[in-house]
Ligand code: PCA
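Quick setup: one chain, the form predicted on its own, written in structure tokens, and binding and motion questions come after.
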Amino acid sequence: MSPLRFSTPLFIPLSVLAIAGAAQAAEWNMATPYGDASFHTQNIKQFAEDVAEATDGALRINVHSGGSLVAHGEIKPSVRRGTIEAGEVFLSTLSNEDPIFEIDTLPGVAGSYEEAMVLWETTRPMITELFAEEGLVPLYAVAWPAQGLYTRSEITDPGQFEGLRVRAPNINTQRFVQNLGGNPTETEESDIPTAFSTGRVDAMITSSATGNAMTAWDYVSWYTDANLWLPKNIIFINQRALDGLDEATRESLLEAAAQAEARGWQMSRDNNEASLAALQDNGVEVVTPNEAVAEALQTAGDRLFADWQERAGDEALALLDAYRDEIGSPE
């Protein structure tokens, strides 16, 4: 008896292949350096849930928080290489690539959420273009609350800045601390408690949100609410990963990103209010700088801005002028 033979079709209709491809869900990995207590991380997780729901599971984004998947400095290179599909970074950490990335850490440029949003909208086309050159697509950006100074004792005299070891998360903050006479130390958010407990830092420049999330009252007693600047985090994806999605999934992803941006800015506002209250409830004295300290901060900021102007290209300077025209601010 002849062995049984099972025939295999030589032709599979394209319609069948299309259905099979659509049924295979895409799964992305997203890295963020911030812990689960951060409102930025909470917003990203909601974004991932929104994408999964809007696409009926066709795209699922796994969020890896607290630097658990990729260290902060490696997130952008990893997304560029396609090792992971998406990431979040503190925008000004990219300042070595182009001065436009640090424009939101210049004292006196944007002093409110309204101004910070106009600054983002004005600079977004240039930032998008720079990311595109590396095969990356910005999805959205969200501002932190305004930055202030956490210290163990009240800063009442500019001379107290001399030799002060200050946690500074980016190059502009480091320059600012140096202009004040302090010693900047680069420390990731997750390492702040250890840095204080081991004496690597005496103070830090950061937001009310970070102070609350990291229980700053365990190692400092004063927060000078100086309204220095409102820096941003940027969330971005690999262009090839985006191109691999069908049109409907891409549209759902971008719509969810727009919603995350609007939600994130409101979360930042709300978190600032709640965090300032939490700091005070836990024994941290929240104060505004006195006249002498405010003048020292202004002088350090002016030097920082002058340095940025010398390094910035014509396009960045033109965007700054356009931004100032938009908000009606003099040079």
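Keep in mind it's a predicted model, so treat the numbers as computed, not measured. Residue positions are given as counts along the sequence shown, with the first one as 1.
Beyond the structure shown, there is the form predicted in complex with this ligand, which is absent from this document and is the topic of what follows.
Gln147 is the sole member of Asn238, Asn212, Gln147, Asn172 with a non-hydrogen atom within 4.5 Å of this ligand in the model of the complex. Taking Ser252, Thr224, Thr123, Thr206 one by one, only a single residue has any non-hydrogen atom within 4.5 Å of this ligand in the model of the complex, and it is Thr206. At the 4.5 Å threshold, heavy atoms of Phe47 stay clear of this ligand in the model of the complex, well away from it. This ligand is not drawn, but in the model of the complex it has no heavy atom within 4.5 Å of Tyr140. This ligand in the model of the complex comes within 4.5 Å of a heavy atom belonging to Glu189. When contacts are judged by a 4.5 Å heavy atom cut-off, Lys76 does not count as touching this ligand in the model of the complex. Proximity to this ligand in the model of the complex holds for all of Tyr34, Phe90 and Arg167, with the criterion being a heavy atom within 4.5 Å. Along 297-313, no residue reaches a heavy atom to within 4.5 Å of this ligand in the model of the complex.
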